[in-house]
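Single chain ahead, by itself, as structure tokens, in the form predicted on its own.
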Amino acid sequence: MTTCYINGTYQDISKTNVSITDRGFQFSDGVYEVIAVYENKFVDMDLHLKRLMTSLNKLKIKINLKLNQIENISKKIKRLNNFNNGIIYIQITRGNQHPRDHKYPNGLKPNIIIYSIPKDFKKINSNAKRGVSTSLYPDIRWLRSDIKSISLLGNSMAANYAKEKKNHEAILYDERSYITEGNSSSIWIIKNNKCITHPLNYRILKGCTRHKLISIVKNKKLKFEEKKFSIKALLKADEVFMTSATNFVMPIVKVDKHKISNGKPGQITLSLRDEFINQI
């Protein structure tokens, strides 16, 4: 049995339900967060909860819970489900509305759901030692990727395209062939010992792992720049990696048929991954 939190109660997840009038179901009108639990420790919970509130504020969804209450619920879910490795998933929608209408009235009561999903980090760590392959895919998502919206159809299409190619992730590119981010990650390149990733704007999410890694890069006194880079620059990089809540820092050794450098994880990438895990 998996116990979840739903609108103030704790229930068996298999016995819970949300109305079909939920605006999350009807319009993808909601946001979510994923917080990793690695070897019994929450990873960057404060960053994730602050980003959750930022997404809610951008969509003008108001909830009665404070951040410390959401944190306590998450900890209780971890305890009730007795798991040491996995994720806490948080989803908040604007609430139920009938009759259906694009315009929403004031005063809807948000639906708040929090539950846990076990994750095999041993497999992820094993992948990191070898590096992973990826697929290029056009960025067809809506133009507010800075909001962690539950509207993930574009991400899902990209992820499943990569899956069909037996690859780990899709790397998205815009109409000018500049890399934006992965289907569920931030994308980085290293060229001439400089770490480069896309600048923060409406086209990418402010990744919590990305944010944490920037501090690590600066503490290591590595060169760093936030700037757009092209597909060509990606393929000619010395090292490529992704960052995300569950992959942490994951080396990318292949993009479609193109090997990155010698086709092995780079030493800078691996050292950044080690330091990120050490800080957990």
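Just count from 1 along the sequence shown to find any residue number. All of these numbers come straight from a predicted model, not from anything done at the bench.
One more form of this protein should be noted, the form predicted together with a small molecule, which is absent from this view; the next part is about it.
**Q** Is the small molecule in the predicted bound form near all of R51, S186 and S244, within 4.5 Å of a heavy atom of each?
**A** Yes, because R51, S186 and S244 each have a heavy atom that approaches the small molecule to within 4.5 Å in the predicted bound form.
**Q** Pick from 159-167, 119-127, 199-207, 104-112: which stretch has non-hydrogen atoms within 4.5 Å of the small molecule in the predicted bound form?
**A** Flagged stretch: 199-207.
**Q** Though the small molecule is not shown, can you say which of S135, T93, S74, N155 has a heavy atom within 4.5 Å of it in the predicted bound form?
**A** Comparing distances to the small molecule in the predicted bound form, the residue within 4.5 Å is N155.
**Q** Quick check on this chain: which one of F224, Y32, F42, F27 has a heavy atom within 4.5 Å of the small molecule in the predicted bound form?
**A** None of the others qualify; the residue that does is Y32.
**Q** Answer for K191 alone: is it within 4.5 Å of the small molecule in the predicted bound form, judged on heavy atom distances?
**A** Contact check for K191: no, nothing within 4.5 Å of the small molecule in the predicted bound form.
**Q** Considering only heavy atoms, tell me if K78 and the small molecule come within 4.5 Å of each other in the predicted bound form.
**A** Close contact is absent here: in the predicted bound form, K78 is far from the small molecule, nothing within 4.5 Å, heavy atoms only.
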